[in-house]
Ligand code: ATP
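Here you get one chain, nothing else, as structure tokens; it is the form predicted alone.
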């Protein structure tokens, strides 16, 4: 008997990225994004929301024309319900509700952080990994236990992606700052003194950013970027090593937008090797926010009938990873 894998339409829109995707089981049929880049400063929630409202229809139209079945065979609509910027989440939810009602298909509210984890589990061989989730808005050490994803360690102030972007702006680098800092760091030769802030399996980055900013007038940009990466990534990998030692998980999974950084990959892979643990990282083209991760998480939730009504689809800007009942993993 052939079992039909559900076809899920996914919408991602928690901050700067509008993402639309269609997946069938683990297969990604369509996945395109549009990213809001502020002219100066960080992400302005209202401007980002307006960007999403303009680009979701464009991406949706592309999906209809580029997939073999358009919307005819969609089984459910999944959307990023939180956490994220309130205006962006509300815009994304509005689009998802409208399509769900139009198609008369179930609605699935997905936790953005868990979507990054589920993406990694579905596109790599990682089964029950220790997860280092690093992005612009979140930095967490996550492990599954007793029906939930547990947070073993997390940032105590700002996420690593936010820290990289903030330093990048101070250095006059384009937004997002992370990729540009990575390129500059490759030319760095001197490790400059910076704070090393780690609390057990949690970490702090705001003080490191402030200390790095004070070095700008005295040192080369490449050395500042190199040093910043070494200090912050060392804290992340140390915490990951502690978590692996505590949990004895069979693998470590690196996911989230900052997972695309090759230096961080090298350091986490080194820790995994020392712990005799398998190492996996999400593909670079799927590391950042995208609709596929929402749709893939939606596949697992669909199989467990984790649907919500339109009346109960309010967004959750502060929805924590460990508040979600994960009934699709045993």
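In this text the structure is predicted, and so the values were computed from the model without any measurement. Positions refer to the first chain, counted from 1.
Although it is not shown, the form predicted together with the ligand is what the next lines describe.
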property: 100, 109 and 298 all contacting the ligand in the predicted complex, non-hydrogen atom within 4.5 Å; result: no
property: Partner-proximal stretch of 121-129, 155-163, 87-95, 212-220 relative to the ligand in the predicted complex, 4.5 angstroms, heavy atom; result: 155-163
property: Contact assignment for the ligand in the predicted complex, among 268, 292, 287, 48, heavy atom within 4.5 Å; result: 287
property: Partner contact for residue 188 in the predicted complex: the ligand, 4.5 angstroms, heavy atom; result: no
property: Contact flag, residue 182 vs the ligand in the predicted complex, heavy atom cut 4.5 Å; result: yes
property: Proximity of residue 258 to the ligand in the predicted complex, heavy atoms at 4.5 Å; result: yes
property: Exercise: residue 137 in contact with the ligand in the predicted complex, heavy atom 4.5 Å; result: yes
property: Stretch 169-207 - residues with a heavy atom within 4.5 Å of the ligand in the predicted complex; result: 176, 177, 178, 179, 182
